[in-house]
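So this first bit is one chain, no partners, the form predicted on its own, shown in structure tokens.
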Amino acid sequence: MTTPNIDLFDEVVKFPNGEALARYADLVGLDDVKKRVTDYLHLVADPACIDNWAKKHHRNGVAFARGLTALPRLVIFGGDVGTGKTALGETLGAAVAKTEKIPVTLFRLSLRVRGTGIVGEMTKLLGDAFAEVRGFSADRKRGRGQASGLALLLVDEADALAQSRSALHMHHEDRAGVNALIRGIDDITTGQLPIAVILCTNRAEAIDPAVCRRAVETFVFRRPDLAKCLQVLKTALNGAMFSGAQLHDIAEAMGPRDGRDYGYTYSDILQRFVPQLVLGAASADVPITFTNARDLAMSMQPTPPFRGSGS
């Protein structure tokens, strides 16, 4: 880990990183998103991979593959609270570093770049942040071959910086900030640098349409359904000696019920339910039991979904 510019980044993390890789592996239920994002980042890191594939399998089909190397350098993680958006953004680099066998650096953008409201301040801070990441990555690009390193710029709570410019009563400085964000993304895409920007938001509908159009894809994160709750519990409670039917009952208690139209989030299961279950048993010096687990699952209230007014 390096010392970040505290005005621009909350942290700068270098991968490979064993702890982050373990956290990435623990994000169950997101296999489809993981695969699609890592496939995209493989292309960002190694633009020649598509040409090589096309020449191998479609001798006359190189033209249709050529445009893929100019894909936008932006993905959006949108969806409900506690569904793994930020956790995936924070740990994705560890998986990519392992598969691509190159160093990956995560720059976590600070919301301090919003500034204090002084005219031009947010524009300058955002411009400086993008310039720093571009400068870091410039010498890691190797023509159309694999880059010697990849940078990820993570923007959490992205709606605070990228809110739609059509929003009523939006401050002029906020509009200028959205313009600066768009310019930064465009500069990375035009330069085809080994950089990807990841925006995480609970309010994807509030993101400016011009930003959304620049994303290669918006990935929607949802709360786990019954099958995914079971998948999480099988891993989290491994060793507790619960039967399949017992795990099913616990998972079912975590879903929508009693007039509530939402169930547990991934965070509710892993950061609230499991710790409370373990600590309760440990403090009483008794083993974890199915009855205690089921009762806790039924009594604990899941995190309410974010239901803001949007833009």
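Residue positions are given as counts along the sequence shown, with the first one as 1. On a predicted model such as this, the values are computed, not experimentally measured, just so you know.
Unshown form predicted in complex with a small molecule; subsequent notes refer to it.
Peer 1: Could you tell me which one of A45, V37, L270, L247 places a heavy atom within 4.5 Å of the small molecule in the predicted bound form?
Peer 2: Looking at A45, V37, L270, L247 one by one, just L270 meets the 4.5 Å heavy-atom criterion.
Peer 1: Using a 4.5 Å heavy atom cut-off, which residue among Q146, T105, S164, T83 comes into contact with the small molecule in the predicted bound form?
Peer 2: The residue from Q146, T105, S164, T83 that makes the contact is T83.
Peer 1: Select, from the options 37-45, 248-256, 24-32, 278-286, the stretch whose residues sit within 4.5 angstroms of the small molecule in the predicted bound form by heavy atom distance.
Peer 2: Careful reading of the contacts points to 24-32.
Peer 1: Is there any non-hydrogen atom of S137 lying within 4.5 Å of the small molecule in the predicted bound form?
Peer 2: No, S137 sits far enough from the small molecule in the predicted bound form that none of its heavy atoms falls within 4.5 Å.
Peer 1: A87 near the small molecule in the predicted bound form, any heavy atom under 4.5 Å?
Peer 2: Yes.
Peer 1: Whether E173 contacts the small molecule in the predicted bound form should be assessed with a 4.5 Å heavy atom distance threshold; does it?
Peer 2: Contact with the small molecule, no.
Peer 1: Any chance N202 has a heavy atom within 4.5 Å of the small molecule in the predicted bound form?
Peer 2: Yes, N202 is a contact residue.
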